[in-house]
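Heads up, the chain below is alone and in the form predicted alone; it's given as structure tokens.
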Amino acid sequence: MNAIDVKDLSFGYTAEQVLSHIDLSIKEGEFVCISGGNGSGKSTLLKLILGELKPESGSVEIFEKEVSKISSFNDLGYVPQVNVVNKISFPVTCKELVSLAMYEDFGLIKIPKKKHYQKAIEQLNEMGLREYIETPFNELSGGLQQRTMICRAMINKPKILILDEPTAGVDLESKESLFELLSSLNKDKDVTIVLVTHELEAIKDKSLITKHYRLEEGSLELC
């Protein structure tokens, strides 16, 4: 079964199209990279896959179900760009931030319970963040913030993990650590990974990538 199917997808914010007749099939268990320059439409494509935007034409399916008809996105984990992450201005610890991803299970009063905090602690431990459980998120380095956001995205055990520019603003050592983590999730946890980037050097010679697509001028090509 394909994890993601994008068929003849077109979209534009104005009369000018950002994406034109895009086709993309990602099988379960694959590690796919989508690269392209700034303004090429990478983030727009992600928003369409995540159901945040509605296509002008074509369709997006997650596990053979049209994205507009999906009520729960727990099968799909998402890690936004660093500049989006940095907009978290309110004081929150790593434990609290990760627990908030379980809001669908909070019940009538939309606040985390003891069981949610415990699950967050276990997930942070599993991802090597034990010493940062009670650390304010905004006090972490860029690499640790990304690792925490991946932890948050994985808390509901999704089958697909999508990352938007995860290496931007992260030092070389943290990038290596990031790829080791993603490789482990892909190979050991059988998580389908879609990594979107404009930093081709960051993925160069990375054998973990199953497929590499390039998005330019609204068209997607397999490299």
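What you see is a predicted model, and the numbers here were worked out from it, not measured in a lab. From 1 onward, residues are counted along the sequence shown.
There is another form of the same protein, the form predicted in complex with a small molecule; it is not shown, and what comes next is about it.
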* Asked: Among the candidate residues L9, I209, L24, V18, which is the single one with a non-hydrogen atom no more than 4.5 Å from the small molecule in the predicted complex?
  -> V18
* Asked: Hey, in the predicted complex, does K159 get a heavy atom within 4.5 angstroms of the small molecule?
  -> no
* May I ask you to state whether K65 is within 4.5 Å of the small molecule in the predicted complex, using heavy atom distances? => no
* Report whether the minimum heavy atom distance between Q81 and the small molecule in the predicted complex is within 4.5 Å. => yes
* To do: Evaluate K175 for contact with the small molecule in the predicted complex, applying a 4.5 angstroms cut-off between non-hydrogen atoms, and reply yes or no.
  => no
* Structure fact -> Of the candidate stretches 151 to 159, 43 to 51, 25 to 33, 184 to 192, the one with residues having heavy atoms within 4.5 Å of the small molecule in the predicted complex is 43 to 51
